[in-house]
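Next up: just one chain, as structure tokens, the form predicted on its own.
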């Protein structure tokens, strides 16, 4: 088969938020298609009348766009093809391969499951066999005229000319049923590959009880699409050289179905956070500032563009997600209510230190260069030298007074971002407490 013939699809049901496991399935399909010059399509399996919601369908489409997993054609909606599924079911009846069944005076259609062995080669697991005689006849058209998953999936995969179906291990038992339907219609089936399940720390399939499982949750936490895709690619796929950091283009170049593992894989939140932090650091500065500003629209409005830029860049190497900024730089956005022990006690009992801070306040009151970190640093170091003390003996208490912490990013850049008024106000407040 020529690479140009490869066609794959991601087929979510819009019955809830997009699950992180679904994102990985979409990613593996996308990577395979792009890696061999094939096509990637999106199909909305929206025939569940009770649970399908338009808002979930819109969210899935928006999420796919945010991830950068673009479809190579218009989105395929099953709800718009009911007549075609009904026609296909009727065709099986005509050939004696299906039959009608009355359900509350309404008519359903069942496929006659042949007493045969369904054998196929799975692209991940190798040869798989099922005894179809144990399945029982299969409902393919419900009494309300809507198709079941099995029928709609087979008809659509055929008419979309799907060559490879890559999906989770939870669909493994669906494959023999669908292969038998393909045979009944006289159609050539696609090749199938089933991905290992993603497990929680307890070894059970990843679900809500393990915490955040929807893409919406991770976006709200400030993860990058690049970080999520990088991490999900490593869940069940082994790069040939044990590389861990990948851009999407890197993944496309190195992806291979042969490197997909058979065993289930465990979700590691710490590893995801670490990888996301690496992607934050690697972003071009302008792109990083645009993304974090968009995420923190309300916070950014509290500062001038110049000061917001200083704050955002100061904490770039310290955050794992964009949301982390609100915690890491909390003292930039609100006053300090309480100072932690025991450092506070040390300052409380140090009269000379209080005298130096009061003297620094006098200098700061007359100082006009707070918009330049280098000038703030020079003023502070000159003051310490003039008083005959080490610069650190003034810098450390200043840091604690301004942030409530003993460690922070560059103090003078931070002081410049906070501005003269805030710095003076906080040091005065600190001295009153001491």
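Residue numbers count along the first chain shown, from 1. On a predicted model such as this, the values are computed, not experimentally measured, just so you know.
What comes next is about the form predicted in complex with a small molecule, which is not displayed.
Given that the small molecule is left out here, which of 272, 319, 153, 233 has a heavy atom within 4.5 Å of it in the predicted bound form? Contact residue from the list: 153.
Since exactly one of 11, 23, 423, 414 fits, which has a heavy atom within 4.5 Å of the small molecule in the predicted bound form? In short, 11.
Name the stretch: of 166 to 174, 180 to 188, 113 to 121, 92 to 100, exactly one has residues whose heavy atoms fall within 4.5 Å of the small molecule in the predicted bound form. Only one stretch qualifies here: 166 to 174.
Is residue 149 near the small molecule? Define near as a heavy atom within 4.5 Å, in the predicted bound form. Residue 149: yes, in contact with the small molecule in the predicted bound form.
Would you please decide whether residue 59 lies within 4.5 angstroms of the small molecule in the predicted bound form, comparing each non-hydrogen atom pair? Heavy-atom contact with the small molecule at 4.5 Å: absent for residue 59.
Is there a heavy atom of residue 377 lying 4.5 Å or less from a heavy atom of the small molecule in the predicted bound form? Residue 377: no, not in contact with the small molecule in the predicted bound form.
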